[in-house]
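Next up: a single chain in structure tokens, the form predicted on its own.
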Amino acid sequence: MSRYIERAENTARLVNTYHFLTMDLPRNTGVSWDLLPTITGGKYSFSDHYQRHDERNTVKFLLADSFNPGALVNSISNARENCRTCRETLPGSAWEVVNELYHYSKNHVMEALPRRGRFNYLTEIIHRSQQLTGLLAGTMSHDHAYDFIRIGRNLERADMTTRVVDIGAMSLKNPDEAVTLDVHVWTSMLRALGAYQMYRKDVQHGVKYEDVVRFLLQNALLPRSVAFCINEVEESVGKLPLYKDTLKPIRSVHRSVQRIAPDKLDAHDLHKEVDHLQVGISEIHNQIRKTWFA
């Protein structure tokens, strides 16, 4: 449930931010909407159903299409079903919030396909998702059930942060573009994660490729950085029984994050490093499933 809610919020952030990025950049930069299905792992599914890789088809695929398991409305629907089946474990108001989120997302999703209604819809999804996160943190007993909620949220969040960084890497085609488009692209990536203001406060100078990548991957104090999320996962896993086998892939990802030297990587090398992190995050998920849910 927690992963699905976080995925819905992150998908909303991703589409919203990319919407504004494509309007801010010059038309000849080569940044197009067909990048998003690739980043979210739906490249082949998208190609099987659509011939045109345009904005409307991409937004519909990411938000509304029933055949896309990662679509926003499907994520929220799955979260609602998981919430329904474990209602006795959760605060009663959690079901109400999830149910209202489900009905809103389903009834209004078509308003987000044209540009005019997209921002309002996606912002509402983000706010309602955050409402649930805050409600659970403030009213639920912090027992093993809540440990799994923290694990799911932070594992999904770490995965999305790597995908956002990957968008930044893939948006830069050559060194000349890296110089001219750096600020636009990486400012948008920070905004996608709600991290722009914290970046300006903590880093205290201009938006630069190396600094942003280091901030989003390695900052131990930013709730959406990969390092922070993996630390949260490790802490939560350590509170559970039978945790030892799961610590190995967690610590492997943590070491991989810390080894990255953004100032020594070009866009291609960064893409490879991010792929490696995503494989590691998938291994953590598989070990969690094997240990507690198989």
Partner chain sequence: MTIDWKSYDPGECYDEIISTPGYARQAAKNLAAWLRRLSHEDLQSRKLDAELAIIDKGVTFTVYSDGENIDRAWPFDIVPRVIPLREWQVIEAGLKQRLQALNLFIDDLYHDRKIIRDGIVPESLIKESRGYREECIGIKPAHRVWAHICGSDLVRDADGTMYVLEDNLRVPSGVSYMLENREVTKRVLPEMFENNTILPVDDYPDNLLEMLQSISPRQRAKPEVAVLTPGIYNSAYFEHAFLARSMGAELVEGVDLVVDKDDCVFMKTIHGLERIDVIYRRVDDLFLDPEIFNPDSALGVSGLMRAWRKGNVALANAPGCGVADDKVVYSYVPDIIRYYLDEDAMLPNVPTYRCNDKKQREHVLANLETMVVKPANESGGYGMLVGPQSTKKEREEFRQLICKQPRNYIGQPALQLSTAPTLCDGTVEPRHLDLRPFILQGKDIRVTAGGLTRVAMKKGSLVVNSSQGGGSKDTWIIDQDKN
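Positions refer to the first chain, counted from 1. Note that the structure is a prediction, hence the values are computed from the model and not measured.
Absent from the display: the form predicted together with its partner chain. The rest refers to it.
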Its partner chain contact at E81 in the predicted complex, heavy atom, 4.5 Å | no
So, in the predicted complex, is S93 in contact with its partner chain at a 4.5 angstroms heavy atom limit?
-> no
Is G206 close enough to touch its partner chain in the predicted complex, meaning at least one heavy atom pair within 4.5 Å?
-> yes
Tell me, yes or no, whether E55 is in contact with its partner chain in the predicted complex, where a contact means a heavy atom of each within 4.5 Å.
-> yes
Among 148 to 156, 131 to 139, 112 to 120, 211 to 219, which stretch has residues whose heavy atoms lie within 4.5 Å of its partner chain in the predicted complex?
-> 112 to 120
In the predicted complex, does each residue in the set M170, Q258 and K272 place a non-hydrogen atom within 4.5 angstroms of its partner chain?
-> no
Partner contacts in the predicted complex for 1 to 24 (non-hydrogen atom within 4.5 angstroms of its partner chain) | H19, F20, M23, D24
